[in-house]
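The chain below stands alone, shown as structure tokens; this is the form predicted on its own.
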Amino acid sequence: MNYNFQFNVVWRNFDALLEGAWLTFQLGVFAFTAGLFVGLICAALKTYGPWPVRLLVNVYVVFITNTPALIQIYFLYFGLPDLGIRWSNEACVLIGLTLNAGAYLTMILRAGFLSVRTAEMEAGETLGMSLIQRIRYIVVPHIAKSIYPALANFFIVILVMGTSVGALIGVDELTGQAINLSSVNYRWLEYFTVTAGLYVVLTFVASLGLALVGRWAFRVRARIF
């Protein structure tokens, strides 16, 4: 094999790859934060809500978790325009990942809800707390400690990596930028070698940040990588 690596081509456009990496990180953070909010609400409804509401949450979770995220994003990007609804490609990726994350986080957070002892909830009720107050002051701090490592792993594995599907609908995140740049000079091997390295750096930064937040806010010893 007489392949000559030309990484100088990549370095000339490295700023564009960094812009894509920053967009990847933003999409991951925003989708995870919004998905966490959706998951918390759905987990609470699935645990404490009336049966019609629990049924609706189950339908949402089953549908989302049994279909690929790419199909969900394609539905938003290619399907909704047929109904007169048009969103930007970035919005479709963000909404699709949020809905996808919300479904998975519903199941993760519900495990945290179920791990709360009944006596703690009864004590809160005795003190006159409403259901929302009990969730805020009893359930959330408890599940933050018990399932924080699972949440951190979900963010890194599913969302930081999952944002790459945006490249398929023209979002210039890290993978999208690598495809655009490498299609100009056909140095695919060099561009994607560097892109893979940037994903490792992104994962390390996210893992380190989550570990520090976990230790500072919840006294959880989350692993880095």
Partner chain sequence: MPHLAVSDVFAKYGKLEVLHGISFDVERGEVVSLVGPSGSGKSTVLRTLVGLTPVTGGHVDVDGTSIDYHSARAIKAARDRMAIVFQQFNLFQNMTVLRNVTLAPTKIKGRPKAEVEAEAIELLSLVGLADKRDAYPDELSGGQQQRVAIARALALKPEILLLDEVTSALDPELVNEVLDTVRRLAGEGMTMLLVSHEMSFVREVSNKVIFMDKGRVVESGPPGQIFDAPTSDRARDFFGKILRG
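What you are looking at is a predicted structure, and each value in this text was computed from that prediction instead of being measured. Numbering follows the first chain given and starts at 1.
Quick note: we don't show the form predicted in complex with its partner chain, though the next part is all about it.
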For this session: Can you check 68-76, 112-120, 147-155, 85-93 and let me know which stretch has heavy atoms within 4.5 Å of its partner chain in the model of the complex?
Result: 112-120
For this session: Give a yes or no for Tyr137: in the model of the complex, does one of its heavy atoms lie within 4.5 Å of a heavy atom belonging to its partner chain?
Result: yes
Exercise. According to a 4.5 angstroms non-hydrogen atom cut-off, is Gly128 in contact with its partner chain in the model of the complex?
Worked result: yes
Exercise. Judged by heavy atoms and a 4.5 Å cut-off, are Gly124, Gln133 and His142 together in contact with its partner chain in the model of the complex?
Worked result: yes
